[in-house]
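The data below hold one chain only, encoded as structure tokens and taken in the form predicted alone.
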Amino acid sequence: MVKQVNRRTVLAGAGAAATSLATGASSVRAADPVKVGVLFPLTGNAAAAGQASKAAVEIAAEIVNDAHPELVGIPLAKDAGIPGLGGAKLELVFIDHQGNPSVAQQQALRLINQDKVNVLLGAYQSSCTLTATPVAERNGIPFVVGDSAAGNITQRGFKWLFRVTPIASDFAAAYMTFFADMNKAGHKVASVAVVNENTDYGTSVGDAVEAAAKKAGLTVSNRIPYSASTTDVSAQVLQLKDKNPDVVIFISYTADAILYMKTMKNLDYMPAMVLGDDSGFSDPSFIPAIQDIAQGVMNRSAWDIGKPGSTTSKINDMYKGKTGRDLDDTSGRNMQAMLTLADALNRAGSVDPAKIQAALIATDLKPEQLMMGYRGVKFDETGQNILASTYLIQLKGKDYKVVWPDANATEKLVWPMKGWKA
């Protein structure tokens, strides 16, 4: 077991040799590939999101491994390989945890002990990230989290965990600011309902949103936890219809998000606005399944394709060329995590876990260096990116468009949503 150390102590002693019993990293030569173990749900209920994120991480590795000088501002894009490691390439080792926390834990251990990876990245579902990250912590292996949003992931005193994405408290604060703006614009938001799947992700975000709403003086008409594997949500939709809140916030995975939209149509219930908390609402299979019945539904996202010819548009072209579809927020956040990790590897100039850890601690990326719409990447003592942020987007036709905040909007917000009456 590798002894845990304080993050500031790591910075002060970054040049010191580190012990890594788990990986044997000291034997890796500078020009050898850097092995990154990536845990995603590649099968199961969230397979579409996992596969989309897998493709995004592969594109990130392509940006690092091959020269892409056209991607202005993105660290390491102009060179082939990682300069600080003698041009070493990223080698991705993907593992399918199936959305099962116990499998995620077992597979993290396999990646470290059998595949001898240098770092880990993942794991989409917060419940799986919560079980996989302690394995990395015990073995002294840096673990970069791209998209799991449960607040408690970075509240365990871990020193080898770094989360790039915005989290539950960030989303809740953004939603409350949005609702205040809507009230100022004459769109009544006095009551909200919170509907959440009942694992760590849904519960954590749901708690944060409920607390923020109450603090903002809004009435929480319904708090409805449910199992993401459910096949009937008629009772839950009837509860919403009875209370009739101004906005319903869904914290859902893919199958359940689609099920809710279809059930709302079947029961003829449409609130003024539905706001999805990413995840299922960003899954590639969501829009094709509901676009005819959920026009105007809103979602959160820190991703925007941008203008033609922009760096983000070129990255989207790469992703679309690989997958046949545009990049989405979930896969984009995982791509950004991989690019952030690559930048740290370059600055570390070593595959020594302690030096990678120190480089991650020292990360200070600016907005112009990112492909996601964050204010930057800078980690606090818990490993959380304190500069992460989000936009709100709205479904118009077959695509989401950025509608809030006004400074970032590409199209005007439509209120109320049109649903199946578009």
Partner chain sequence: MKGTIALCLAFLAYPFVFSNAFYLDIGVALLLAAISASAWNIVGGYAGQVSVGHCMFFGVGAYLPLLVYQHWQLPPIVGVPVGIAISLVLAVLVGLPTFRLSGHYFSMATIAVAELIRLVVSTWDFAGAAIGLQGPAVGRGWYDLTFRGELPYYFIFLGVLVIVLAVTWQVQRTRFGYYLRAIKAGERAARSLGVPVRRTKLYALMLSAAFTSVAGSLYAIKTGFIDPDSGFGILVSVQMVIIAALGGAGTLYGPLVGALILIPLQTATNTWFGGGGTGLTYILYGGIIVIIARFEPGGLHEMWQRIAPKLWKRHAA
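By rigid core we mean the largest C-alpha set that fits within 1.5 Å across both forms. Predicted model only: the values in this text are computed from it and were never measured. Residue numbers count along the first chain shown, from 1.
Below, we refer to the form predicted in complex with the partner chain, which is not included among the displayed structures.
Exactly one of the stretches 104 to 112, 238 to 246, 162 to 170, 186 to 194 approaches the partner chain in the model of the complex with heavy atoms within 4.5 Å, and it is 104 to 112.
Contact between T199 and the partner chain in the model of the complex is found at the 4.5 Å heavy atom cutoff. A residue is said to contact a partner when one of its heavy atoms sits within 4.5 Å of a partner heavy atom; T263 fails this definition for the partner chain in the model of the complex, lying far away.
Within this chain, K54 lines the site of the partner chain in the model of the complex, having a heavy atom no more than 4.5 Å away. A residue is said to contact a partner when one of its heavy atoms sits within 4.5 Å of a partner heavy atom; S148 fails this definition for the partner chain in the model of the complex, lying far away. The partner is absent here; in the model of the complex, the one residue of I287, A228, I95, L327 having a heavy atom within 4.5 Å of the partner chain is I95. Checking K215, K307, K322, R156 for any heavy atom within 4.5 Å of the partner chain in the model of the complex turns up a single hit: R156.
Residues are counted as partner-facing when one of their heavy atoms sits within 4.5 Å of the partner chain in the model of the complex; in 121 to 150 these are S127, L130, T131, R138, in sequence order. With the core held fixed, D326 shows a CA shift below 2 Å between this form and the one not shown. Here S204 counts as shifted, since its C-alpha moves by at least 2 Å between this form and the one not shown after the core is aligned.
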